[in-house]
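The chain that follows stands alone, in the form predicted alone, written as structure tokens.
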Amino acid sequence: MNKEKSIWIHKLIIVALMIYLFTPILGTFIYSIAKEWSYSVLPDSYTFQWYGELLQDPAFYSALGRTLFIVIGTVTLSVFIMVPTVFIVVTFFPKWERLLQGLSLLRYGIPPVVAAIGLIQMYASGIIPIYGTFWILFGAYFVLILPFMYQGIRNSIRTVNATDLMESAELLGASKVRSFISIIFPNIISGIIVSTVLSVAFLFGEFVFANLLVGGQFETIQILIYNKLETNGHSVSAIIILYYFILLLISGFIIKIGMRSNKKAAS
């Protein structure tokens, strides 16, 4: 197979993949602007009525604000805890790395419904009665994104060979803290960005824990979508399209911050 033919095959695979990924989004968007859609492949008429009603609904803004608060708060907390923890374990205590890896992957072995019921029994009463409040979501979501945070940060630390960099910095007189802040962190920022984007995207779509642990007491965007499913499918499609748009903006913002940090580190 010559090189030109190989390139065309790769392009066809990419195009097929893009069509596969974007077809559901396109179908959702068409349904969100459909006024009447009964007997044909495409709608009989179009309208932006559902977007107008949604953007005038205070419940939508409240649910979106709560979702952003929980998602951004959890991911920020996870970055502050996991970055130094993974760095210390990988660099200074490599024997504990398997234990940390096992703990981060433990959530895959427990079905979400089972984990949620366990959390309800533990936190419904007792010393920390946080069932039904947003505080319990912080803890649950922190565990859910552990694999993304751990794997991305660990791979970045191993890629830059943090152990050798730390030894070199200390030979030149820098302390461990200064070496981490000035040398290691700027070089692993791309891995942290990837983990952050994956975590934000995952938490934006999480429904089981939000519904079982807080439900209508702290209505997030996922619970709002669930409640509207029985009343208006067009409105739900409009919420999903806006949700994709907001997620795209957040991801672009995070990636832009990461690119600026990489340029500063390179200079």
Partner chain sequence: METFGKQRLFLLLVLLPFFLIVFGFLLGPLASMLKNSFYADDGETLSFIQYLTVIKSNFYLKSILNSVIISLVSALIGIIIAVICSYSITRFSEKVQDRLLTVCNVFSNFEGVPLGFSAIILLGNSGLFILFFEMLGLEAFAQFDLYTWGGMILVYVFFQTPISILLLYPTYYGMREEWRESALLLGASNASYWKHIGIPILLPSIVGILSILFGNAMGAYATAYAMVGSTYNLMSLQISALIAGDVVLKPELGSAMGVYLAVITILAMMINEKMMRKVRRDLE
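Please read these numbers as outputs of a predicted model, since none were measured by experiment. Throughout, rigid core stands for the largest set of C-alpha atoms superposing within 1.5 Å between the two forms. Residue numbers count along the first chain shown, from 1.
Keep in mind that the form predicted in complex with the partner chain is missing from the display, and what follows is about it.
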query: Answer option from I33, L242, L64, V208, heavy atom within 4.5 Å of the partner chain in the model of the complex; finding: V208
query: Residue (of I181, L99, L171, A124) lying close to the partner chain in the model of the complex, criterion heavy atoms within 4.5 Å; finding: L99
query: I193: touches the partner chain in the model of the complex, heavy atom cutoff 4.5 angstroms; finding: no
query: Non-hydrogen atom contact T28 with the partner chain in the model of the complex at 4.5 angstroms; finding: yes
query: Close approach of L229 to the partner chain in the model of the complex, 4.5 Å, heavy atom; finding: yes
query: Distance check, I257 to the partner chain in the model of the complex, heavy atom within 4.5 Å; finding: no
query: Site check T23, M82 and K176: each within 4.5 Å of the partner chain in the model of the complex by heavy atom; finding: yes
query: Heavy atom within 4.5 Å of the partner chain in the model of the complex - qualifying residues of 57-80; finding: L77
query: L68: Cα shift of 2 Å or greater between the shown form and the other one (core-aligned); finding: no
query: Core-aligned C-alpha movement of F29 between the shown form and the other one reaching 2 Å; finding: yes
